[in-house]
Each structure stands twice: as C-alpha cells, then as structure tokens.
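First come two forms of one protein chain, each written alone as structure tokens, so that there is a structure 1 and a structure 2.
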Structure 1
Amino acid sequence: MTRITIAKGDGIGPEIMDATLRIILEAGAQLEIDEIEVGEKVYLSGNASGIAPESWDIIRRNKIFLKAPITTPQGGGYKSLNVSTRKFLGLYANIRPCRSYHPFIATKHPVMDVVIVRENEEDLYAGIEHQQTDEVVQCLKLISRPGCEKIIRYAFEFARQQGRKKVTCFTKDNIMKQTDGLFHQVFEEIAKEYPDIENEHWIVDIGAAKLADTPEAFDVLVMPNLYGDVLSDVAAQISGSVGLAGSANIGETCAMFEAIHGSAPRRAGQNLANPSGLLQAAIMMLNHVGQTQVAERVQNAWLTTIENGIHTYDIYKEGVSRKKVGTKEFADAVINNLGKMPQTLKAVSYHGKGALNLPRYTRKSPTPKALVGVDLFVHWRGTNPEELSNLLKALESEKAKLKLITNRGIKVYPDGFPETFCTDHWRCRFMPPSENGFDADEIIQLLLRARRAKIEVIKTENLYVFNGKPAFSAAQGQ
C-alpha cells in the first residue's frame, strides 16, 4: 500500500481526477489517498503561492503527488505552483513520453515514439529578472554542473532501463558557449559511460525542425529547461494531441505526476473532458511506486479503448471513431476493458521498469580560478560609444584599462560600426594591461571612481579564468 497526495485542481481538474482514480483503483492500485486543495481558490484567498504550508507538509510526508491542472489568476504577484513544486521538492527531471496512436488518433507521424527528458529546475526558469535601464531588462540563464549531470545521467539510465537505443542532446552552444556549452560538455562526458547506447548532439533549432518533420529519427531526447518545455508540447501535439500526454517530475526523494494540458475552465462541469493525460500520469506514478502490473493493466485497457474507437470530443473523428463519450463514460469503457489487450496498437509490458535509483550527485574538487578583470554594466543615455569611452577612460588605473564596450553583446568600441543600433545599456570591460596585477580591490576602486564621475554602474560581473581557460564570453565581433 502506497500513501499518495492528490490535488483535484481547477476547471476540468476534479472531473478528470475522479475518472482517473476510479480507473486505477478498479484496476487494483493499492493506494491510500490524502487530498489537498491547491490552485485558484487558494490564490484568491490571499495566498500568492497557491498552496497552504500544511499542504506542503502532506506532500513532503507522502513523497508522491498526483496533481490535476490548476488555474493561476491573471495579474501580477501570483507564483506558478508547478514551478514552485518542482524547485522546492528538487524535482529535477521532467519525463514526457510522446507516442502516436495511429490510425486511431490523427497524426502525420504514425510511428512516432519519443521520450523527452527535460531539466526541470534551472536555466532561464530560475526566474531571476531585473530591469537594468529605461530600455533594457535581463533574465539570468543559470546552468549548473550538478543540474547537467543529474538530468543527463537520468536520460541514459532511463534509456537503458526501457531498452531504448539512442539519447540525443539539444542545445544552442554555438551561441551560448558557457551555459549551453556546459550542458553539451557534460553530455559528452557521461555518454562515454554508456557505450551500449548511441548518442548524438543537435543544435536545438535544426533539431526542433527535424523533430517536427521526422520524429522517428529520435528516441530519448535530453535538453535544458526552456527547450524541453517548448519541444515537449510540440512533440505531444504532433503525436496526436496534447490532451493525451502525461508527465512525471522526478527528484531524489519526491515525485509529482500531472497532465501537461491546462485546466480548460470553459469545459468544466460538462462531462466533456478527456481524462487520458492525467491517466497517463497516473500510470507513470504506478510504475514509479512499483505497482507495475497495475500500471500495465491500465495502460493496455486504455489502448484497447482508444483502439475500439470510444473517444471523447477532442479526439473524436467521423469515420475513425466509433462512439463519442463524456468523461465518465470514457472511464467506464477503460474499466470494462481491464484485462484486455489491444490488437492493433502495441501492448505494453512494464516488467522491471519501476523507479530509477540514481546515485546522488557528488561535488567535484574545486577548480583553480583567477580573477582577470571585470565588466561594468552602465546606464548611459548617449548614443556615441566613442563619447562613452572617453568618460570611461577617466576611470582607468595602472591595473585596469578599458578593453571594450558592447551593447546588447555587440562590440561597439573599439572599431565599432556607426550602423549598430545602441540602447542605454552598456557592458564596459576593464582588464589589466598584463596577465598579472588585478584583484578585487581594483573593482572597488573602479566603482568609487565611477561614482565620483557620476557614471551609473548598475551591476558588475567578475571575469575569471578556470584552469587557465577564460570563463566569460567574448563580444560579438571581437
């Protein structure tokens, strides 16, 4: 018996949760259930996080959380509960199977069977944003070695357990050489530990085009958070329907399972919604807690129902579907098919495919690093980089010389082009004239001189080398 936490959510959430629980319990799931309330009602009661502290305690105690979609009220100040849950509970891996069910569900890709393994905690989804100047805002993209190692190892272990043949990495490291470059580097390192599994890397834009055109070329895909968020929805849609897809969010101690679609408030209370996405999430949950025989029984019954043409409105198609049914009737059909096997669609077997037990991340020894300069980010409303350079040269010392100025990453001094459009946000790099002689005290002195010169420095970034290798980006055009 496994004790789990559920939340019925908002919109169609209560209907699809009731249908899902009815199916899995009828199939023999051994569950004790604690229900909590999250979402719109909690938000509107004045709780900006959408969840009460005592509900966190229940989730953390039970470790397993099955959640229906929620509605986040419009307007500022409300935090995404999905993002908060993933981060607070350390749910670093988001697993989204995307499989086509041809010929019963319309798709242009009848043999698609892809699993996207998405990093779930960092990247741009750290949500660290600032307005820097009148014209420029920033969002920090944070990629860590622990985050890379955990998600990439999970992808390879998942592929090995599931009998899959290839893991593909998507990044944009031709542009983001430090952040995406680290993800790609760690992928290459870990891939060497799995010689039985083919590996490859694609730049994300052409990889996304290939995924949309020829998804059968891929097997398991692993990628940073933002790309994974976008492409998992693309993959689910081209497989047939976002409404059929569930996802697992896996951490070292806790796990959350959910449908990937929203709460669809316009369809609420009408017995219309398709519970398949949440049911697929529940099947993943049952596998995770070791109830693989029940998971297998439910999945094959669901496949049989799809194959029999018993479809809800969202996937119903004249000439293919046999009967249009509501939420409750669809659940009844799946229950009636328990113990049956699909005849056209491939039946599933989950024997030996429960939770993955990965080793905890072990922090590496520190890498030798040296401070070699600083970038001062300046709010300046002028437009002529030469004029700005003259102001900045007044800040120079024997240890700190102005090396370059960029605007939105493009070098505008020295030897900039007059055609380059500039905003009021300038990166001004100071470095010593030789390899030695720069320290943190020099940064403080630079800031003091800038203050006296009435130059507004809005932030600084220290420039380091690690093991003798520069660990900061060059300017475009440098």
Structure 2
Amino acid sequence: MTRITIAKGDGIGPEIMDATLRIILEAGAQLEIDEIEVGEKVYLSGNASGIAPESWDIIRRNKIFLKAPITTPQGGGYKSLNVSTRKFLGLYANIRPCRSYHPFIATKHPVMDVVIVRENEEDLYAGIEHQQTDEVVQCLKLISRPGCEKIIRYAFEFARQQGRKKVTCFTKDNIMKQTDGLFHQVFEEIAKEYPDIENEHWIVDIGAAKLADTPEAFDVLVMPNLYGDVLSDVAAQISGSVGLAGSANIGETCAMFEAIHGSAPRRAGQNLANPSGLLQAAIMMLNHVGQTQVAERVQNAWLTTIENGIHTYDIYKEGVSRKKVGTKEFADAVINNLGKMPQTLKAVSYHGKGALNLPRYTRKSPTPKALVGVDLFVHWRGTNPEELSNLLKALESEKAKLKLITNRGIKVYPDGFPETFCTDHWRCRFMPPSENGFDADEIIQLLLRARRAKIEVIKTENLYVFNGKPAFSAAQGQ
C-alpha cells in the first residue's frame, strides 16, 4: 500500500482526476489517498503561493504527489505552484515520454517512442543573472557533479526498469568543456555501471536535428536543463499527442506527477476533457513506487481503448475514430479493457522489476586544488586592447603578470586581430611567471592597485588547477 497526496486542481482537473483514480484503483493500484486543495481558490483566498502550509506537510509526509492542472490567476504577483514545488522539494528530474499512436492519432513519425529525461534544477535556470557593464549582461550556467550523477543515474535506472535498450546523452561539450564537459564525463562514468544498456553521446545541435527528423533512432534521452526544456516540447509536439502526455518530476525523497496540459477552463464541468495526460502521469507514478504490474495493466488497457477508436473530442477524427465519448465514458472503456492487450499498437511490458534504485548522492573526497592565477573582469570604455594592456601592466607584481586579455572570450591581447569587435567588458588574466607562488593575497593586492589606478573591476574569477589539470577555459585563439 502506498500513501499518496492528490490535488484535483482547477478547470477540467476534478473530472480528469476522478476518471484517472477510478481507472487505476479498478486496475488494482494499492493506494491510500489524501486530498489537498491547491490552485485558484487558494490563490484568491490571499495565499500568493497557491498552497496552504498544512498541505506542504501532507505532501512531504506522503512523498508522492499526483497533481491535476491548476489555473494561476493573471497578475497580482501570484507565484507559480509548479516552480515552487519543483524547487522546494528538490525535484531534480523531469521525465516526459513522447510516443506516437499511429495510425489512430495523426503524426509524421509513426514509430516514435522516446523518453526525455531533463535535469530540472540547474544549468542556466539557477536564475543567477547580472548586468556588469553598460553593454554586457551575464547568466551563470551552473552544472554540479551531484546534479549530473543524479539525473544520469535516473535515466539508466528508468531505462532498465522499463526494459528500454539505449540511453543517449545530448551536450555541447565541444564548446562548453567545463560545464557540458562534466555532464558528458559523468554520463561516460555511469554508463559503465549499466553494461546491459547501450549508450551514446551526440552534440546537441545535430542530435536535435536527428530527433526532429528521425525520432525512432532514439529511446531514452538525458540532457541538461535548457536543452531538455526545448527538446521535450519538440518531441511532444512531433509525436502528435501533446494532449496525451504526462510528466514526472522526481526528487531524492519526493515526486510529483502531472499531465503536461493546463486546466482548460473553457471545457470544465462538461464531461468533455480527455483524462489521458493525467492517466499517463499516474502510470508513471505506479511505476515509480514499484506497482509496475498495475501500471502495465492500465497502459495496455488504455492503448487498447485508443486503437478501438473510443476517443474524446480532442482526438476524435471522422474515418479513424469509432465513437466520440466524454470523460466518464472514456474511463469506463479503459476499465472494460483492463486485462486486454492492444493488437496494432505495441503493448508495453514493465518487466516487474520494482521501484527504481536511486541511491542518495554521497559527496566524494576533495580533489587536490591549487590557485594559479586570476581573471579580472574590467569595465573599460576604450576600444584598443593595447591601450588597456598598458594600463594593466602598471598593476603587475613579481607574482602576477598580465597573460592575456579577451573580449567575449576572444583573445585580443597579445596578438589580437584589429577586426575583432570589442565591447566594454574585458577579461584580463593575471598569472605568475612560473607555475608556483600565486595566492589569494595577490588577488587582493591586484584589486587594490586597480582601484588606485581607477580601473573598474566588476568581478574576479579564481583560476584553479584540480588534480594537476587546469580547470578553466583557455581563450579562443589562445
């Protein structure tokens, strides 16, 4: 028996939640259910986060949360409940299966069946942005080893549980050697622990093109947050079934499952809505808690219903569908099909492997680390890098010599090209003449000398060597 929290949400939420619960309980799901209220009513009662503190307690106690869509009222500073839930509960993985149901639902990709596993907490979404000069703003891209290990392990465990054959990683590590480089490196490390599952890595641009053109070449895909955000929408759209997709948000202790569509307020209360998106989310929930047999039974009954042409209005098509039904009748049809296998669509088998094995991250022992220099980022309105280099040379000491200047990553000193366009944002690298002898005092002294010389340093970045290897980017052209 698994104790879960549910929220019926707004708009079509209550109808699709009732239909979903009816189906999974009929199929034999062993659930004890606590209901909480979230969404519009809570927002409008004056609670800007859309959820009461007592409801957080229930979600955190039960750990598993099945949520129907909610309506976020316009304006008025209401906070998105989805974003808060993801961040507060540390839901690091977003899982979105995208499958086509040809020939019953129109698609250009009849054999598509991929699952996108998207990192959900870090990358460019940490929300750390600054304007630094008149001309330059920055967004920090943070990638952590725990973040990579958790999401990549999740992808392999999920593949194994679902009987899937391959995990593909997308990064841009030919350009971002530290951040995407770490993601790729951790992928290679963890892949070795799963010799039964094929693994491959693609550079994200050509990988994305291939996914849009030939999605049948992929199975499970794992990627950092931004690529995952973009490509999970592309994948859902080209499968032809955005309205049928569910998604899971998984953390170390808690997990939230929901449909990807919204609350469709215009369809509310009319027994019209398609409950399939939330049902797909519930199937993922059952798999997550190890009730894989029930999940499989529900999925095969649902596939049978779709191929029998019993369709709600949103997917009903003359000539393909057989009967247009409402929310309740669709649920009845799925319940009637429990125990049946689809004939044309591929039946699923969840292999009865039980819950995913997701160990908590354990911090590694520290790596030997040495400070070998500093990048001073300078706001300077001149245009000639030689002129700036002369100003900066006046700041030099025995241990800190000006090594190079870059502008937007391109080397402009020494030996820059006059053609290179320069902004007012300069990275100026100081390092000792030999490998040793640099320390944090040097940075403070450099900053003091810069201040006296009226050079505006807007940020510094320490240069480290980890395990004897430089852990910072060289300049383009260096």
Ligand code: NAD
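Because the structure is a prediction, the values reported are computed rather than measured. Sequence positions of structure 1, starting at 1, serve as the residue numbers. Think of the rigid core as the biggest set of C-alphas that the two forms share within 1.5 Å after superposition.
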Displayed copy of the chain that is the form predicted together with ligand NAD: 2
Flag for residue 18, CA shift 2 Å or larger between structures 1 and 2 after aligning core: yes
Rigid core superposition, residue 452 Cα moves 2 angstroms or more between structures 1 and 2: no
Residue shift check between structures 1 and 2, rigid core fit, residue 35 Cα at least 2 Å: yes
Rigid core fit between structures 1 and 2: Cα deviation of residue 336 in angstrom: 7.8
